[in-house]
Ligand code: BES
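Below sits a lone chain in structure tokens, taken as the form predicted on its own.
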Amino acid sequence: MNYMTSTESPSKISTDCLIIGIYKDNNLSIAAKDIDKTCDGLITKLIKNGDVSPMLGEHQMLHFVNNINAKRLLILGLGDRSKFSINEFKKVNESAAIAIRNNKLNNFANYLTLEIKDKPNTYISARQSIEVILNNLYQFNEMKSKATDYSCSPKKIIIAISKKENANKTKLACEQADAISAGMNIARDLGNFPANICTPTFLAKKSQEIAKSYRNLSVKVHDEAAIKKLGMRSFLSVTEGSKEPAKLIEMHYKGAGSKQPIVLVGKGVTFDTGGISLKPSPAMDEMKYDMCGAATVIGTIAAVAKLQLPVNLTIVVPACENRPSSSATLPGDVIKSMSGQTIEILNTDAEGRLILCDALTYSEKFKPKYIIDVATLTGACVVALGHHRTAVMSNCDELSKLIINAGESSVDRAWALPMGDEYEAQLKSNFADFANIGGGGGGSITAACFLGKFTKNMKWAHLDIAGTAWISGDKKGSTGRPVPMLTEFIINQSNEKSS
């Protein structure tokens, strides 16, 4: 994709589609004022006649408007000017993408970027514009006999800026947005593949393919024999009931010499039946998304590699299936983890933490600056935060704040939940060092407390993405979150002068 900036007046720019907006109460955007003046009050007349709506997200496409050089004019409702912030900006850019995706456009010019008042507005508006539009042009056709591709396949996107001196900052924002969108697409593709295709072996092969695409990126895949030799009995207890072999995938991006790496650990349960503690049937098909933690960290390292950031990043993915069979782990079984700690498995559907704990122990050998695990871990997280924010739990306030701030900057938001002895006490077991589930409420927190038992020597955070990794209903599919937040966090880390 080619990204360009422009300070040219909207009426003069040559493009397949010019995107402008109008506010409520006959308030025109900066670009709309220019078009209205050039076209003898066209926009004002359209508003007066009710032919265009200023309501947020409403849109109208006009073709071959006189006195302007654009072939099409897309007018979007921006709602109330006083309430127009980054959230509204994202919504209208989503509407813009929906409006243009069935038009054959080689390029378009977005003048909505002049409307953001948040600081630094140039960077934020450009990056969010590209991310949102590319996100809404995404399609998953790999499993269809006949692809239903959108007509819009732009080769160039023009971003309006108010000053020429903002050009470099805007182009950087576009490059970062492009890489983040590519990483999100990888994560979404992996999440959207069905479990009969996206097996642990498939995840490993895709990781190897991705590694070949970028400099400074390598991959190592451990098979079950190697996993057993490492002493990862907790990890292997989850896959006992499946004929699909487990894989431990590690990818390394080297962009900063000998500096300490950041390590991301992603839960890769390619299908979760719950094991012997079988899940209910409704919506069980969505348990193919239980590997979205793995998809997220793979997408993130791809984005970082595409940007060639001056940072070292390692990802570790324990990948397996969780199925019931005559060989499956039983409730009440006690297993020894790689750390040597023993675990009473009271519920085989609390399996994500069983694979993550060994992956976290394994990751300590990389001596990480920070370690972050990412997992669709608990339904309790959805109850707590809905589908809006990723939950963050950490043994390091500094790390927690860095992640949450990255979520705010990337508009891929998170929220901190507490941890403490009062929650950890719920994991008490009469037969092992601790159990894999706690009693009573706070399920997301007790899950994090379980993982915290394996990360005491590291600055660690746990991201529960059960509410943000995918959506249900008519638009069912993987979201690619929180690739933007994690990539933003790593961009920020790469800008630091020392490790």
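Numbering starts at 1 and follows the sequence shown. What you see is a predicted model, and the numbers here were worked out from it, not measured in a lab.
What follows is about the form predicted in complex with the named molecule, which we do not show.
In the model of the complex, residue 272 approaches the named molecule with a heavy atom inside 4.5 Å.
Proximity of residue 349 to the named molecule in the model of the complex: non-hydrogen atoms within 4.5 Å are present. Using a 4.5 angstroms threshold between heavy atoms, residue 238 stays clear of the named molecule in the model of the complex. Not displayed here, the named molecule is approached by residue 437 to within 4.5 Å at the level of heavy atoms in the model of the complex.
For the options 410, 378, 135, 199, the residue carrying a heavy atom within 4.5 angstroms of the named molecule in the model of the complex is 378.
Checked against the named molecule in the model of the complex, the residues 461, 449, 68, 466 give one hit for a heavy atom within 4.5 Å, which is 466. Residues within 4.5 angstroms of the named molecule in the model of the complex, judged by any non-hydrogen atom, belong to 279 to 287 and to none of the other stretches in 306 to 314, 126 to 134, 279 to 287, 204 to 212. Residues of 238 to 270 that come within 4.5 Å of the named molecule in the model of the complex, judged by any heavy atom, reduce to 267 alone.
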